[in-house]
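For reference, the chain that follows is the form predicted on its own, supplied as structure tokens.
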Amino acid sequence: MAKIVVTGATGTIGNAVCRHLLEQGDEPVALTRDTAAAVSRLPPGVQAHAWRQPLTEPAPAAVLDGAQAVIHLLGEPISQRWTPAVKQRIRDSRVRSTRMLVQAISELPDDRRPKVLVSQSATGYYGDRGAEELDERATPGEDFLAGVVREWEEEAARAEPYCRVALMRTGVVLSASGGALAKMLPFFRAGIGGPVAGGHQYVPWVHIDDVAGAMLHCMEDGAATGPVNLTAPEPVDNAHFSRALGRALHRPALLPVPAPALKLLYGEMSVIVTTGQRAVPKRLAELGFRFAHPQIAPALEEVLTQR
């Protein structure tokens, strides 16, 4: 039984990661601001320890001491209207918390440090690239999210003198319990969903079970270093995604959603649905990871049966 420290454990991805760790016999330990709330939201068997100020205080050394790995998932939700204050929180929650985590790892004795840091990242690293196929060698974009992800990864990479580092550039996660899909479902169930902003932008989707599975695969595989695209092997454009979701719900998905309407509703944050990345998981293929849900239609069907 290996001790695995997880930050951001109460989020959609963190919860799934903890469940997978328990299923394979490991000992997940959550670092959280609110231990009581975390215990109520996490699966039975997950320990919770306080890290009350992750932006200004190093992670608690006593919790990291002797851990086999750290899976770092902490971050302010992206899907909210981007005021200047929200944008600062989005950046700081990722960049500064990672800096504090790496500082704590660096201060542990050599024989007590975790062997690997699996650090959350995002396909937003690439910016808006149209239909260009993007593997991990692609250059970064220049928009707000690309800048945040670039800084986020740079902070995580500072742990490389102390442990192996894998940077998981995760796409749009399909989950029954939260995330982008949960926000889309009410519109599609009402029959008013459809292609967004023309539907030509790619959706780098991935099923939640594959997110957790790939993170654990990279935790265990010593060859997993540097950036890893965590997206399904068959990315689809927004129009295809919308049709597949409509069919899974037995609802029409024909009503187009114009980009100006989204800009009016969500402001600058609308770029996360009006643009996209055709990211492909080249490194995961090289590492021998097998996706449980490689195709969009059955992946959506499976997720929707969980609701």
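In case it trips you up, residue 1 is the first one in the sequence shown, and so on. For clarity, every value in this text was computed on a predicted model and none was experimentally measured.
This next part talks about the form predicted in complex with a small molecule, which is not shown.
Not displayed here, the small molecule is kept clear of Lys263 by more than 4.5 Å at the level of heavy atoms in the predicted complex. Contact annotation for Leu254: none of its heavy atoms lies within 4.5 Å of the small molecule in the predicted complex.
The closest non-hydrogen atom of Arg33 lies within 4.5 Å of the small molecule in the predicted complex. The small molecule in the predicted complex comes within 4.5 Å of no heavy atom belonging to His240. Site residues Pro77, Ser121 and Val172 are all in contact with the small molecule in the predicted complex, judged by any heavy atom within 4.5 Å. Screening Ala157, Val95, Leu73, Leu185 for any heavy atom within 4.5 Å of the small molecule in the predicted complex leaves a single hit, Leu73.
Among the residues Leu21, Ala299, Leu284, Ile13, the one placing a heavy atom within 4.5 Å of the small molecule in the predicted complex is Ile13. Of the candidate stretches 242-250, 272-280, 62-70, 48-56, only 48-56 has residues whose heavy atoms lie within 4.5 Å of the small molecule in the predicted complex.
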